[in-house]
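Have a look below at one chain only, the form predicted alone, in structure tokens format.
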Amino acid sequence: MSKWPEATEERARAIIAQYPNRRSAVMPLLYLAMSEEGYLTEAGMARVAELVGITPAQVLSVASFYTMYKLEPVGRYLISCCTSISCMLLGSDDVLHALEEEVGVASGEVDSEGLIGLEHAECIGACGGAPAMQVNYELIEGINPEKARQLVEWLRKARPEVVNTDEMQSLFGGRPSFDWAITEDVGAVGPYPAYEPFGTVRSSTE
């Protein structure tokens, strides 16, 4: 099995070192694998298996269970629209339909350019700011159908290298669940969580 680039291999070793049993590092290493190709390839999962000493089938059993691990390409920007009860009661179905029309695909699909993927999500923990959605797991609260359409247009035209919660909230959000006290200028660089140990977070002002 070929190795990842050395910087990624170093991150993998640092992650594994945090666990008394290296196989416990499977889940964070799967995010690391996603950061290499945008989704989990067979080669990526095989590398995780090699690093932690289990079989690729065992790695796949984990990856296929959790919805945030993606086994197929999801686009450069993954839009996740919450459709759980709080968001649904406040109009998330209309938001999702607007997104489907604007992106040009149904939930669970990726546009022909491979730029924007769309999915409906179970509760994302922002019920107080419903309806809520995420782009590459960066949160937007108080979204409405028109703002959702504007968001898609912005992603297509601006193609930001980093998607940042604060920027998107100010451009497209509505009432948040609470006042955000700390401004952040960092965000996600791909369709996976922004997290420093994975190298998947960067300043939007760089």
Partner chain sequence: MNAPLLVTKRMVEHPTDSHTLERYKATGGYAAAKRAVSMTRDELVEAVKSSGLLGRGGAAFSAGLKWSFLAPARPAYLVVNGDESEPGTFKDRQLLERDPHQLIEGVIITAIANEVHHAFIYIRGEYPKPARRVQQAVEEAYRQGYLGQGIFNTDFDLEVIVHLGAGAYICGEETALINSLEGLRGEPRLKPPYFPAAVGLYNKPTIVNNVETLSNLPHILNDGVDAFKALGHEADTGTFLFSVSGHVEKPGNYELPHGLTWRELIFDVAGGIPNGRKLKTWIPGGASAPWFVPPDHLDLPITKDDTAKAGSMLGSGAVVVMNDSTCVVRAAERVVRFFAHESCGQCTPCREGTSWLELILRRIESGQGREVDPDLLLDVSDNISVGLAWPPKMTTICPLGPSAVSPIISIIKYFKDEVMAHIHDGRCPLIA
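Residue numbers count along the first chain shown, from 1. It should be emphasised that the depicted structure is a prediction, and the values quoted were computed from it without experimental measurement.
Not pictured, yet referred to below: the form predicted together with its partner chain.
For A194, a non-hydrogen atom is located within 4.5 Å of its partner chain in the predicted complex, even though that partner is not displayed. In the predicted complex, no heavy atom of E9 sits within 4.5 Å of its partner chain. Although the partner is absent from this view, Y39 stays clear of its partner chain in the predicted complex, with no non-hydrogen atom inside 4.5 angstroms. Under a 4.5 angstroms non-hydrogen atom cutoff, its partner chain in the predicted complex has M27 among its neighbouring residues.
When you look in the predicted complex, the only residue of P73, G128, G104, G108 with a non-hydrogen atom within 4.5 Å of its partner chain is G128. Scanning A158, A43, L171, V62 against its partner chain in the predicted complex with a 4.5 Å heavy atom cut-off leaves one residue, V62. In sequence order, A126, C127, G128, Q134, Y137, E138, L139, E141 are the residues of 126-158 having a heavy atom within 4.5 Å of its partner chain in the predicted complex; the partner itself is omitted from this view.
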